[in-house]
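One chain comes next, on its own, written out as structure tokens in the form predicted on its own.
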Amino acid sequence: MENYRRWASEPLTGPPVVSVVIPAYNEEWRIVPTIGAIASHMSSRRDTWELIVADDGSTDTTCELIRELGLVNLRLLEAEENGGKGSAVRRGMLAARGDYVLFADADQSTPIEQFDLLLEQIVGGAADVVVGSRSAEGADVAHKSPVRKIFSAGLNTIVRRGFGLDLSDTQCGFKLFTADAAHRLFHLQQIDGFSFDLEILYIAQRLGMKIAEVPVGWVDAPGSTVDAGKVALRFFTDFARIRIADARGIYRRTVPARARDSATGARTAA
């Protein structure tokens, strides 16, 4: 509890070890419990950390509730309009200052406690990107709807055959990146919608980054819905966009180097 109080009231004096990024759109009924769960677990660890909520143009009280919490090491990034989940995640990842950057969905379908499993794979350079997987052997999945199961199976087939990604789950909203990998990948990202996860992992593979997949626990949270028809249409459109971007050499562009602020030690884009 003392660690939480210190995190909530005392600004970090330097860059954190870990950044946690949550994209949010109209999450007024669960954003506070989600922040509470993440803050409780992350504050119990020894590493310094920051929390970033990247709002995606919410029209409810999501941002107001976050501001009212008054947590000094929580940063709220507000958008004037809805730009898509990929847009929100990109803004959060590029604003992160940690050595390790976790992207986690606001519904906490994968509990924050699973973070430690991903971190084990990335510390020491074993991986640049670690994917939380609902399909890898050992994953604990509960209440996954038939629609999600069918959609996931079809997507996995397309991903393996069409993109050569040897991953069992590209879409789980729980992924960990090194700071350098996050900086480079999200600068190159082109997709602002639901397919951004696939694009990011495809770019990582094209750039020769090391990708690890870790089975995680996952529960289909209330309020999480999938319109299979709309999502499938967006995916096929985005598949073409990814192929075109790759053919045009967009994913091989030079990305601005990361530098450290001389006063605070924080990383900034050069």
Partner chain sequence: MEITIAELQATIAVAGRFDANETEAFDSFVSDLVDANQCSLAIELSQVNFIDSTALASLVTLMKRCRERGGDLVLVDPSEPLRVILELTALDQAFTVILGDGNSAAA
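Note that the structure is a prediction, hence the values are computed from the model and not measured. Positions refer to the first chain, counted from 1.
This next part talks about the form predicted in complex with its partner chain, which is not shown.
- Query: Is residue 107 close enough to its partner chain in the model of the complex to count, meaning some heavy atom within 4.5 Å?
  - Reply: Yes.
- Contact label in the model of the complex: residue 40 to its partner chain, heavy atom within 4.5 Å: Yes.
- Item | Touches its partner chain in the model of the complex: residue 180 (any heavy atom, 4.5 Å) | Close contact is absent here: in the model of the complex, residue 180 is far from its partner chain, nothing within 4.5 Å, heavy atoms only.
- Query: residue 6: heavy atom within 4.5 Å of its partner chain in the model of the complex?
  - Reply: Residue 6 lies outside the contact set for its partner chain.
- Query: Would its partner chain be touched by all three of 1, 33 and 111 in the model of the complex, meaning a heavy atom each within 4.5 Å?
  - Reply: Heavy-atom distance to its partner chain in the model of the complex: all three under 4.5 Å.
- Message: Using a 4.5 Å heavy atom cut-off, which of 204-212, 52-60, 65-73, 238-246 contacts its partner chain in the model of the complex?
- Response: Heavy-atom contact with the partner occurs in 65-73.
- Within 174-213, which residues have a heavy atom closer than or equal to 4.5 Å from its partner chain in the model of the complex? The stretch does not touch the partner at all.
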